[in-house]
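Coming up is one lone chain in C-alpha cells, specifically the form predicted alone.
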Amino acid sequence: MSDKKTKILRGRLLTFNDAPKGADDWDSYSYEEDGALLISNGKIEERGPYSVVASNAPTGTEIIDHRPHLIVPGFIDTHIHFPQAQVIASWADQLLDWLNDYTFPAELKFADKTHGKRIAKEFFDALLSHGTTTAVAYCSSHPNSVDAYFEEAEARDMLMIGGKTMMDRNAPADLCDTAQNSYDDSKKLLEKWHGRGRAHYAVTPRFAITSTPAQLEAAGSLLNEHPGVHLQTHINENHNEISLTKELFPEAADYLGVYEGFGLLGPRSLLGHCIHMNERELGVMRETGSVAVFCPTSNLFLGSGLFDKARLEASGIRTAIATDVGGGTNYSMLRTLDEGYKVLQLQRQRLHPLTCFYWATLGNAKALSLSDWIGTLDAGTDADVVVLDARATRPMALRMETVETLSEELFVLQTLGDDRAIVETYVAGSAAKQSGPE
C-alpha cells in the first residue's frame, strides 16, 4: 500500500502539457533542472523548483535526493497479457499459430488461482522493475485470473485496468465460456473491482474470431450498462486473422464493422494493433473516438506489419503505445519506444524523443481518459513516478559524455535503456521497484 508520509523527491523534473509539435515546442513540456515534488497521501501536492517546494514543506519532511537523475511520470502500458508471462520469447510463426501453440496452453493453467497468484507477483514485479506504474491487461477466461490480477494490484496500490477474456469459440474447450456466462462472470467481476481503490475494469472480448455474435452482443450490453468502463480487443493485426474474420462475419462491412455493429466502439475502446486499416474503418474510428494501440515489438516478432502512425493521426484517430507481452518481447516501455522508432523510421516517420516520452506518459493517459490522475507530475495527481539514469550502463555513460540537450538524453534512454536505467519506481508515493530475482 502507499506510503502516507510526506516526502520530497528532488531531481531534474520532466512532465508534459500536450503532444509536442516538434523539437522546439517548449510549451508542450515543463522541465526543472533542480526540481522537487512534494508528495503526501499518495498524491503530488506541489511541483516546482527545489528551493520553493522545500521552503513550503512541513518541518521534518523527508527529502529523497535523486540528483542528477531525471524524474518523469510513471510509464503506462496500454496493452499487455497477464497470462502470457510464461509465453514471452516463444519461437513461433504468425499470430494464429502462436495463439494455438503457446498462448492457449498457457492460459489453461489459470483455472488454478494458486498459479494465477504466483504469476501475478512475478508479472507486477516485472512491470515495476521497468518503470511501468499502470497497465491495461487481458486476464484469462477464468474469473480466478481476474481476482489474482486485481488482488495483487490492490496490494501494491497500483492503478491497473483489466478484465476477463471473453471467448466462446475457436479455442480449447476448457478455455471457452458461453455468451451468457461470459456476461454473468464479467458483470460480477466488474461490480466487484471497478472503482475499488485504483482498479478499473475493461470488458474484454479477445477478438472477433473467438467470439460468437451473441457474445459480442453481451459485451456491448456490459458497456451500455456500465459507461465508465473500458473495452479492449484486437483488430487488423494479421492478414490470416482478417480473412477468417470476414468468413465468420460475412454481413459486416469490414473487420471494424463487426465491433461497430455490436456497439463496442467509443472513447474508452482500446483496439490493439490497427495495422491493416481501410479508409472506412479510419472514418469510423475517428467518429467514435476509439483508440488505436501500437504494439511494435509484437508486430515485428510475429511479422504482422507496420503501424502507420502518420496516416492514423492525420485521420484524426487517437493513438497509444504498448508492449503487448507476451507477443511483445519486452516489458520495458523504453525498449518499446526504441522498436516503435524503428518501425516508423521504415516508413520515413521520424519520431522525436520528446514525442516518445509524451506518448509513454501523458499521451497514453489521455488515450485511457485518465490524464486527470496519471501520466503527469501536476499537483493533485497520483504520485506515480519513475526516476531514470541515462548513465546506467557503461555504453550509456560513454555516450552521455557527448550529450548536450534533454532531447539527446531522452534518445539515449529509449535507445540504450532498459530496467537498469530505472533507479526507482514510485507508486502512489511509495518506492516500489523490485531489486531483482530472489
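Since we're looking at a predicted model, the values are computed, not measured. In this text, residue numbers run from 1 along the sequence as written.
Here the subject shifts to the form predicted in complex with guanine, a form of this protein not shown in this document.
Using a 4.5 Å cutoff between non-hydrogen atoms, Gln84 counts as a contact of guanine in the model of the complex. Taking the partner from elsewhere, Trp98 is found to have a heavy atom lying within 4.5 Å of guanine in the model of the complex. With a 4.5 Å cutoff on heavy atoms, Lys366 does not count as touching guanine in the model of the complex; it lies far away. Residue contact check for Arg206: one or more of its heavy atoms lie within 4.5 Å of guanine in the model of the complex. At a distance of at most 4.5 angstroms from guanine in the model of the complex, all three residues His234, Glu237 and Ser298 contribute at least one non-hydrogen atom.
Between 346 to 354, 263 to 271, 90 to 98, 182 to 190, the stretch whose residues reach within 4.5 angstroms of guanine in the model of the complex through a non-hydrogen atom is 90 to 98. Among Leu302, Leu223, Ile317, Ala199, the residue placing a heavy atom within 4.5 Å of guanine in the model of the complex is Leu302. Although guanine is not shown here, in the model of the complex the stretch 338 to 355 places no heavy atom of any residue within 4.5 Å of it.
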